[in-house]
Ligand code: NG6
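Before any questions on binding or motion, here is one chain by itself as structure tokens, the form predicted alone.
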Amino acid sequence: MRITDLLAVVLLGTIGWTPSTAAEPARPNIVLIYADDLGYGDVSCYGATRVRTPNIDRLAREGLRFTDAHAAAATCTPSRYAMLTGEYAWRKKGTGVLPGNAALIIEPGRVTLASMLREAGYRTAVVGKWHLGLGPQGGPNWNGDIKPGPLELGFHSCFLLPATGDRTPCVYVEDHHIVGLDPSDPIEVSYGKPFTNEPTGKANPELLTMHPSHGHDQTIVAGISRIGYMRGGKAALWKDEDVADVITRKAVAFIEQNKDRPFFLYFATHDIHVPRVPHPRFAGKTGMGPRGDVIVEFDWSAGEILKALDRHKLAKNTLVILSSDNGPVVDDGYKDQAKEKLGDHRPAGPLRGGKYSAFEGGTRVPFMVRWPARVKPGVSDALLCQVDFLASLAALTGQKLDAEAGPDSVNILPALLGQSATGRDHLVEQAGALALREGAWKFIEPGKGARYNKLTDTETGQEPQGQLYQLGASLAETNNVSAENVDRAQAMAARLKELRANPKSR
């Protein structure tokens, strides 16, 4: 060996450097499986006993299961906005739950999770529920090019439910067009006036196969009345019981088509959102009615993704993240026996509240990470939020975010991969009133809304005075300790005010 080579070896050994050859896995594929309205207690690896979720349990067993991980908001549109942009949705007007004909609410050109990963060399796709608007101001041209949309935000391809199953239009959008639309039968969508001679759930309940419990009484599609009005586009209408099959096949096809290069798949299922119409092979599987059955259907969809990764020998170097957009709701607008057949099942587990609520059940959701090449199986109580995907996955893939990108996205990659027990030092939770988490302490600001939503049977967490809870003592948030901890409550209220006033927290 030459003396220069010998000196180099000695020097490298002294500073602890080793070559990153076979020791470090190649850049991972990334699959984000995103449920809709799946609660903390809705899956068996988080304590459910009346419903079994073997595929989700497999992810938890083979990966890292988190007990204090959160969606950014207690409803769907703001959670999805925050996850893709790295910005708390409460900072931007117009990011509440959208009608089905809303314009795109993420500005093309800004950094998103998809555009960042695309820049890193990933093939990117979104399959499933979108609900972030489509088209320019004024809404999309449903019979022409539907853009801007996901393709203008960094996704190479998309196959979408434009909003939710209970909102018109009830059609799939692939890239820039409605799938299967007959030009001689153009589609019209309205969230104002109904169309003449088109039956509605309110006026024609005799035509319904599923009746609304509140709202959801406008245009009837396949025996179910929805929110919003539509007519035309008959050949393009989806079949509710087939939605899970259709989007799962699309997601699996994307994996198969891109198995030889790095890919990012955002697979956003419609399950377990209303209307809950499981495929016949899942109907009756739980004894809990359609709500329980679509949990099983969601588990099947997740299993099909895992099978595809196994089949193509991709599992070892694929980072799979499974979570939900917000907490659970039982009656969300249809008489589907979800409440009557709930029994002792607790959709939010030990947590108080659920969807629409400022209590922990609103945003604390199932959350697990599997990456066999890097992540050791286990359980973590690190405080995480989906708003941090942008900064964390940028760090994972060697990307540097611009100063203005992801204003609230924090790099918590070590916690995400199980290398650290520490995640965020604070988190703002959104549900009408905002709440601030600092460790086990939680402060909910004074609210202006009703304390209880009778329609959805939900405790909103809205109180005229601020609330302070010590979650280490009780996850149920039943003991407001603000009177005994005035200084802490005031300090957290002041910090929340400061976070709201500052345009970014990163």
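Since this is a predicted model, take the numbers as computed values, not measurements. When you see a residue number, it is the position in the sequence shown, counting from 1.
Note that the form predicted in complex with the named molecule isn't included here; everything after this is about it.
Picking from 180 to 188, 108 to 116, 143 to 151, 354 to 362 the stretch near the named molecule in the predicted complex, with a 4.5 Å limit on heavy atoms, gives 354 to 362.
Contact annotation for residue 291: none of its heavy atoms lies within 4.5 Å of the named molecule in the predicted complex. In the predicted complex, the named molecule sits within 4.5 Å of a heavy atom of residue 227. In the predicted complex, the named molecule stays beyond 4.5 Å of every heavy atom belonging to residue 348. Remark: residue 214 counts among the residues lining the named molecule in the predicted complex, judged by a heavy atom distance of 4.5 Å or less.
Of the residues 325, 87, 297, 388, just one reaches the named molecule in the predicted complex with a heavy atom at 4.5 Å or closer; this is 325.
With the partner omitted here, the residue from 218, 101, 95, 164 that has a non-hydrogen atom within 4.5 angstroms of the named molecule in the predicted complex is 164. The three marked residues, 240, 269 and 279, fail to reach the named molecule in the predicted complex, with no heavy atom of any inside 4.5 Å.
Interface residues of 34 to 59, taken as those with a heavy atom within 4.5 Å of the named molecule in the predicted complex (partner not displayed): 36, 37, in sequence order.
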